Each structure stands twice: as structure tokens, then as C-alpha cells.
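First, one chain by itself: the form predicted on its own, in C-alpha cells.
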């Protein structure tokens, strides 16, 4: 039997050979996942032998990672807003940028005094459900809707809602964008597909659902359709919070002004200083005269 330390060295060498930039971390995460360890326990038991079956399973996981499969899919876990969500290949893996979308949304809601009101809000394109679940936990008085065109994604989202005991507070609806909603919505939050698929990193396109990535030839197709729907489905005053690609702020803002003339638009940057969130503040009824 090999010691845990020896297995980790072997795993790191395997991952470095395929230019995995996070080889050491990935190897440790896979070992912790398989053994049920925390990091401190992992380091305290590096010199202990690992039985042959566990070693075999560990190296199988490492091989999957070496082929480019994301760690989140291998472990079925992804931390988001300090919560542990279930993910698999039916849904896009939540990114840190989407945490900023929620932080800025919550900040705007606080500024408007909406946090304690019984308002209707929707997470459009819910995927794994991380946005809807977080909003339901953070704003217990809100009526939360979550829509997705993929019934498979909605199954994962419901699983996460059950995981955090908010399933009875989220109405999951299958359909295109805002089409399934039964009532006007005050707050729309969405991380829609906004990438140009041909420009997506190969392993992302290979493993993650393309329907959750593909934003059309310029990455703007869903924004145009979503904002067009929102014009008749958003109550006033209302708010729209969108995650965007780093070069899309001007185009998305212009679409916002087209569909909601006179609205206030704020653009927020991510941790790398890139444009990442656009929030439309619609204070009163607006009419597009174009």
C-alpha cells in the first residue's frame, strides 16, 4: 500500500504533465473528497497508508481531471456564497463572478428598502439554482420564481432547494426566459448565456452544457430577448440585474435604454477590474417610442 503523500505526488505529476495550473490543489481536493477529510486532517495523515481500493479510485478521479473534467463535476460539489451546492453536467458550474451579481442586487434592494417586502422576483435561467436559493434564504419575505428552458437543470435546482430547505419558497418553472411567469415581477436577476461559443475554452465547451453558454454570434442574443420580454412583465418601480461578458457593458446598457428609456443604469466591475454586472433601475412606467 502507498502512503497518502506518495499518491498525492503521483497525482500532481500526472496533472502537471497535462499543464493543470492547479495540480497540487486539485490533487488535494480529490483526496479530501474521497477520504472525507478536511484540509487539516489531510495534512496530518499524509504518512498513513491508503488501502489499494481507495488508491485505485483516487487515481481514477485524477485521470478524469487530467482529461479536463472540472473538479466540481467529479466531486458534485461547488461552494457558492459560502454554501455547498450540488452540481453535475446538467448545469453550468457557478462562478465567483455570479456572487458579485448577488451582492450588488442585495445592495440595491437594501438601498430601496425592499428587503422586507413581499415582492416577486425571478432568477431567469436558474441552472443549478444557486441564485434562486440564495435569494430565498436572504429575503424570506419575497416570492421567488426560477425559470429554465432545461427540465434537467430544474431537477438539479430543485435538489439544491431541498438541500437548503427552501423548496416550498421557490416556484420552479420550465420554459423560455420569462414566458412561464404567472405574475408581474419586481426584480429580475439573471446570469444568461453570454459567451460566443467558438471562443469558449475547449474543456468548458466540452463538459459544460452549451445551452447555458451560447449567447449567439455576438453574445447578446439572450439579453435582447430577455429585456424585450421584461418590458411587459416587470412591475414599476422595478429592477433588472444582469451578469455580462467583460466587453458587453456598452451593448447591454444600450439595450436597456432602448427597452426602458429613462432608466438608471449602473455598471459594476469584477475582482479583475472587468465590467461584470449591469443593473437597470426602472423608477416608473417607460415607453419605447422607437
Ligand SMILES: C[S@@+](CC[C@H](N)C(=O)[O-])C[C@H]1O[C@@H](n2cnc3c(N)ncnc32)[C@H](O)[C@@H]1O
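Being a predicted model, the structure only gives us computed values, none of them experimental. Numbering follows the first chain given and starts at 1.
Not pictured, yet referred to below: the form predicted together with this ligand.
Asks: So, in the predicted complex, is residue 176 in contact with this ligand at a 4.5 angstroms heavy atom limit?
Replies: Flag for residue 176 set to yes.
Asks: Can residue 130 be called a contact residue for this ligand in the predicted complex at 4.5 Å between heavy atoms?
Replies: Residue 130: yes, in contact with this ligand in the predicted complex.
Asks: Heavy atoms within 4.5 Å of this ligand in the predicted complex: does residue 149 have any?
Replies: Although this ligand is absent here, residue 149 would touch it in the predicted complex, with heavy atoms inside 4.5 Å.
Asks: Considering only heavy atoms, tell me if residue 265 and this ligand come within 4.5 Å of each other in the predicted complex.
Replies: No, residue 265 sits far enough from this ligand in the predicted complex that none of its heavy atoms falls within 4.5 Å.
Asks: Which residue, 200, 137, 83, 211, is the contact with this ligand in the predicted complex, using a 4.5 Å heavy atom cutoff?
Replies: It is 211.
Asks: Could you work out which of 59, 255, 222, 29 is the residue within 4.5 angstroms of this ligand in the predicted complex, going by heavy atoms?
Replies: Selected residue: 222.
Asks: Could you tell me which stretch in 113 to 121, 164 to 172, 70 to 78, 86 to 94 has residues with non-hydrogen atoms within 4.5 Å of this ligand in the predicted complex?
Replies: Stretch 86 to 94 is the one.
Asks: Hey, which residues along 184 to 199 are within 4.5 angstroms of this ligand in the predicted complex, non-hydrogen atoms only?
Replies: Going through 184 to 199 in order - heavy atoms within 4.5 Å of this ligand in the predicted complex - the hits are 191, 192, 193.
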